[in-house]
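First, one chain by itself in structure tokens, the form predicted on its own.
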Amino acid sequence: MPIANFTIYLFTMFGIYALFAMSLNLQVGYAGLVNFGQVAFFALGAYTSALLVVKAGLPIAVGIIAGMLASGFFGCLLAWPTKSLKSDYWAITTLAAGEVIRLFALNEKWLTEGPFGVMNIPQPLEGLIDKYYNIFYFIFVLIVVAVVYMLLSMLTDSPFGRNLKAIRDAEDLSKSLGKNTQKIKVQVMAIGGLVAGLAGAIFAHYMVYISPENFRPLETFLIWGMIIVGGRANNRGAILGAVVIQTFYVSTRFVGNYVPIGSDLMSAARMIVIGLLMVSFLIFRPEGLLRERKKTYPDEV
């Protein structure tokens, strides 16, 4: 049934991009780090896992863990020399880093196969589950999203999460209270990288094929849209934003069947509408669909 298969595919992509959105939400929503190169972590997780499994013959679980570690290490590597930069310079640096990873994958043919990409990526338990594999993978992604959501919620509700919000709202005040804000920035970039790498690895094993075209700057733009629409500093908002933006982005591909316009024009119109949606939220509802939950403390008696 084509409709049922498409629905399962769409819900699976909801989960993958929810992970991706939560990784950026941790960095941007909670810590205030303007990251325009989040797709680099997504790509590193995908390529690391795919290459280790396809070319080195390692188990899929090892590939996924290695993809997470590679993305987390890249987060440390990126944040360490830039941790003292202001937000605008930080944004430029992360954007450039994302393009460096994509261009490396595009031009390095010996390892990444260049523009041809990595093909025939194995899927977990594909030999044991055949008929209902798409449903199995959706349930797998759903469990991963639930676990990551729980862990990130525990993290952001902890003293570490309060430090992140303090850096976002008043970094100088945090420094005056003895907080090592630069160390915290490195840590949150690494944690966000781990989650994005996990999303990338799951994406690679679901799609079976990846290429540099999957990791264009457009992906970071879409994730920012999910955070803006869903609500920053709110993991539920990041998930809701992923559902809204991904539904619109995927479903509008079928509009061409009913509207007599070319695919190129439809692609451009899709991005224009998403951009207008983001601007509308920034103007009329900057807190997003789900507002950040402000934690209150009882008054002292």
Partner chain sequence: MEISQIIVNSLIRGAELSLLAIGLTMVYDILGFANFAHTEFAAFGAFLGFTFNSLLGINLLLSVVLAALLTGLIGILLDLSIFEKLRARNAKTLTMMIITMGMGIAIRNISRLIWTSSTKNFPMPLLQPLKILGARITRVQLGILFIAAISMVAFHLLLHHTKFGKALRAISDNKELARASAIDSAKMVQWMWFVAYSYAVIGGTMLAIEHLLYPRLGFDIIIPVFCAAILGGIGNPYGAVLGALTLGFAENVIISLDFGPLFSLGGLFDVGSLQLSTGYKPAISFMILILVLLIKPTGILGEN
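Numbering follows the first chain given and starts at 1. This one's a predicted model, so the numbers in the text were calculated from it and none came from an experiment.
The same protein also has a form predicted together with the partner chain, omitted here; what follows describes it.
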Find the only residue in V229, A97, I121, V145 having a heavy atom within 4.5 Å of the partner chain in the predicted complex. A97
Name the single residue among I129, L103, L111, I135 that comes within 4.5 Å of the partner chain in the predicted complex, judging by heavy atoms. L103
4.5 Å heavy atom contact with the partner chain in the predicted complex for all of Y89, F221 and M278: yes
Is L240 close to the partner chain in the predicted complex, meaning a heavy atom pair under 4.5 Å apart or at it? no
Contact of S267 with the partner chain in the predicted complex (heavy atom, 4.5 Å): yes
Using the partner position in the predicted complex, report whether L10 sits within 4.5 Å of the partner chain, counting heavy atoms only. no
The partner chain contact in the predicted complex: A61, any heavy atom under 4.5 Å: no
Mind telling me which stretch in 240 to 248, 29 to 37, 42 to 50, 61 to 69 gets its heavy atoms within 4.5 Å of the partner chain in the predicted complex? 29 to 37
